[in-house]
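Just one chain follows, in the form predicted on its own, and it is written as structure tokens.
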Amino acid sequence: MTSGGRRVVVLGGSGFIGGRAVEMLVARGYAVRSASRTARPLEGLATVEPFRCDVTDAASVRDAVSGMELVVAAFVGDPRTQVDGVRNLCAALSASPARLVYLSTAEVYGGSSGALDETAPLVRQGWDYSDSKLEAEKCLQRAASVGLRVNLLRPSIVYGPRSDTWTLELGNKLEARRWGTLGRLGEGTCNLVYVDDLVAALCLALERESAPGEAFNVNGPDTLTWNEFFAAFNAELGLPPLRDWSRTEAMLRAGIGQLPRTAKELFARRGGAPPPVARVPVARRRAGSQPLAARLLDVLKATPRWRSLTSVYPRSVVYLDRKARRMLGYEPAVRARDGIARSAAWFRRVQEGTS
């Protein structure tokens, strides 16, 4: 299906998912405005209009969506950015016929287990990321009740090239031999959805009229355990087999890593921040020139997060996407094996400085 040159703005167009959305929307014939704090032009996409936008500023959001037929909200940030951004977006579109697709998360279902569809209850879990997405969804549902044409996508674990968490950071952990399989703690369900499949669902939501406020789970075609995911990525990188951590070792590593993370959260809640650590290019890291503080940060990132180890990696849950298949025509095309291979290949190119 082609767009006929319809105008669409992607809020968060310089990010992992937003950037890929910009690329795929251009390929489908849309006239795309990429809105972000940096207004960074995307390489090879001269037809895209870069637009500087701070979603926490109402006037900035209003300018970004002005004249657009379609709006994609794929911005990331702290909880305030998520909630204020959505509030400003609702206000900017209150009298507009534009259609909005908002990228939420399957984490709005909380720590629930089992096979979950869109009728499952939404649960606060004391985690800033998921709770802010839940608050944003409530704001959008209120706006939908008075006419905002919005649909919500709830993707599971989104991975692929340019993913910080599930490609770049994981690859660094594996290559540094600072990660392992987690025994029974890693036997929960890893609901992987490749970024291209998620963006395909996003395009379908833009192109097919659905009732205002309709929400859709978006998942991939395969069900792996977290241990299988880690081992498969490791194998694609051509590394020696992972060591299986004992429960005690995994919990000890997570506990050690939690201490500085807790301190960082306390700084943030008091309105301050710990001293920033400059990022060092991969090539310089490999040359041994990385500052001590940055090396310590890398070690910290290689420890499991306490929440992930205790409530994510062991959880048996599947986010059912039958509604998206039925109503949108969604059909995930990238099998986990292929998506992991593509992610690993991109990681290698980044290391070599060719991407």
Partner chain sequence: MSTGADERGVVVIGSGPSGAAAAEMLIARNIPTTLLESGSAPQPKLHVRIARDDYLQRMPGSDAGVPCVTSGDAGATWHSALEPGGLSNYWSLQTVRLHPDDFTEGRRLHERYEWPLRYEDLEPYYRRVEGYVGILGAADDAPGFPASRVRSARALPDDWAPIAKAARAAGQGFLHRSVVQSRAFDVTLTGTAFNSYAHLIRRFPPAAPLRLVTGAHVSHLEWDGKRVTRAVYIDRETGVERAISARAFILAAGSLGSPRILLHSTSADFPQGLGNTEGVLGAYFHDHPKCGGTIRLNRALTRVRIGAFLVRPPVAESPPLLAAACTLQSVKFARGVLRGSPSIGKSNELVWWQFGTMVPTDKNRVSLSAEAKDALGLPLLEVRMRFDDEVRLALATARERLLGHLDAAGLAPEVVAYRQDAPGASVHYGGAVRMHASPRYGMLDGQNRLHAAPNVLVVDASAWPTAAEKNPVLTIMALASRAADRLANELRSS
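Numbering follows the first chain given and starts at 1. None of these values were measured; they are calculated from a predicted model.
If you look for the form predicted in complex with the partner chain, you will not find it shown, but the lines that follow are about it.
This chain is displayed alone, yet in the predicted complex one of D128, D244, D164, D117 has a heavy atom within 4.5 Å of the partner chain; that residue is D117.
Among S145, S94, S113, T248, the residue placing a heavy atom within 4.5 Å of the partner chain in the predicted complex is S113.
Proximity to the partner chain in the predicted complex, taken as heavy atoms within 4.5 Å, picks out 319-327 from the listed stretches 54-62, 319-327, 306-314, 30-38. Taking non-hydrogen atoms only, R208 never approaches the partner chain to within 4.5 angstroms in the predicted complex. At the 4.5 Å threshold, heavy atoms of R124 reach the partner chain in the predicted complex. In the predicted complex, no residue of 161-186 lies within 4.5 Å of the partner chain by any heavy atom.
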